[in-house]
Structures are given as structure tokens and as C-alpha cells.
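One chain comes next, on its own, written out as C-alpha cells in the form predicted on its own.
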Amino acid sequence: MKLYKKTGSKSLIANNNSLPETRRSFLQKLGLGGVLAGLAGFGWQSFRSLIPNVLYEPPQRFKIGLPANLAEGVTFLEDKRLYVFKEGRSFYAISAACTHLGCTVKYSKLNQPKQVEIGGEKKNIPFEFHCPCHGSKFYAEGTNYAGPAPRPLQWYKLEVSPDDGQLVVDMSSEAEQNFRLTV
């Protein structure tokens, strides 16, 4: 295909269209490649932001020591907000998080054991849990009886580690209120 200048000159412009078209198509491809690379990078960063580099949640299953080393009575694990009880050779664990808004309940030993009826049974309660935030109260086994707490305190499953014999608390699995681990 031959092209002529519009100025009226009869000179023939050389048909050298392949060089500008190659440059143009090269620049178009380069621009398109840049846009696609930018979109891919943006998509990757968006996807990567959904996966955290560090998980800040504490482990839900942890060891608390050898059963013989725990003190008789109650042991409070402040960082886990957990009460662990040892009664002879049996152990159980109750959460210290109030079921109302999650404040840490306080262990309160009574001067005299209180006799209460829970679930149709009369029981002697030697201690209670009190929530300092909104005044909820719980009996020794975690049953709520005063304040805005809607549910009893949670009990967690305990087990003995087979490799070193330490007590293991599993805060991801809830146990029933009468759960006892006898070692």
C-alpha cells in the first residue's frame, strides 16, 4: 500500500509503516503488561492482608504443671483467667470470665459454709465468685444466682499429658459442672 502526502506533492512516502506500528504495539503491550502487573500486585496484597503474619491469640490448650505440685484448694492462673481446684486427688477448672461482659470474677471464701439448693439438691457452699464490674455472683460450682450474668461460669476439661504427666487444660472444650479429673 502506497501513501501520498496531502500537500499535493506527488512524492511517494516510503511504505515504512511496520516500524511505527511495531513501536506502538510494543508500547501498548508494555502498558497493558504494566497495568496487569499492577493489578496482580494489588490483588496479591489484598489477599495477603487476610492472612496475619502473627497470631496473637494465646493457645487454648496448655500445661499447668505436675498434679503433685499444685497446692491443695484453689490456684488462680491470672494470665489465663482460670481457677484450678485440687481436692485430694481430683482436679477441676472453672473459668474466671464473668458470663455477663467478661470481667474477671474474684474468688471469695465464706466465713461459714452456706447451704443452698441448686438443681433440687441441697449443697454446702464454702466459697463464691463475685464479679466486681456489675455485681454478678456465682456459687462455688459456677452457678449464677445474683446480678446480670445470664449463665453459669464455664468449666474446662482437664487431662494428664501422657509424655510428662503434667495437667493439661483444654479451654477449647467445655466440661460439665460435675467434671472431676482423678489422678
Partner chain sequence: MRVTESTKKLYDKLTWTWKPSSDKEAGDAIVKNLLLHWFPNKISKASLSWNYSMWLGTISFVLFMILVFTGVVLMFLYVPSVERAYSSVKDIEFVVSFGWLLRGMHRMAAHLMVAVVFFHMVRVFLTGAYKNGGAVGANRPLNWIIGIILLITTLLLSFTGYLLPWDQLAYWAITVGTNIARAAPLVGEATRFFLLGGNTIDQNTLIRFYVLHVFFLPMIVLLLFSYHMWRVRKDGGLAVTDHEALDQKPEKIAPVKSKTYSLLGITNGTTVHVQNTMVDEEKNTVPSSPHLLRRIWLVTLLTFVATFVLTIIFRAPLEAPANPAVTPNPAKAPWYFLWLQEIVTITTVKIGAFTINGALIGGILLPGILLALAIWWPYRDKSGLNSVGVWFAKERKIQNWVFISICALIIIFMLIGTFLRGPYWNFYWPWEAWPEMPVKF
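Treat the numbers as computed from the prediction; the structure is a model and nothing was measured. Numbering follows the first chain given and starts at 1.
The next section is about a form of this same protein that is not shown, the form predicted in complex with its partner chain.
Within 4.5 Å, heavy atoms only, one stretch in 35-43, 22-30, 51-59, 118-126 touches its partner chain in the predicted bound form. Which? In the other structure, the partner sits against 51-59.
Determine whether any heavy atom of K114 comes within 4.5 Å of a heavy atom of its partner chain in the predicted bound form, and answer yes or no. Outside the cut-off, so no.
Although its partner chain is absent from this view, report whether K86 comes within 4.5 Å of it in the predicted bound form, heavy atoms only. K86: no, not in contact with its partner chain in the predicted bound form.
Would T99 sit within 4.5 Å of its partner chain in the predicted bound form, counting heavy atoms only? Yes, T99 sits close enough to its partner chain in the predicted bound form that at least one of its heavy atoms falls within 4.5 Å.
Whether E72 contacts its partner chain in the predicted bound form should be assessed with a 4.5 Å heavy atom distance threshold; does it? Residue-level check for E72: no, no contact with its partner chain.
Going through 153-183 from first to last, which residues have a non-hydrogen atom within 4.5 Å of its partner chain in the predicted bound form? Residues within 4.5 Å: none in this stretch.
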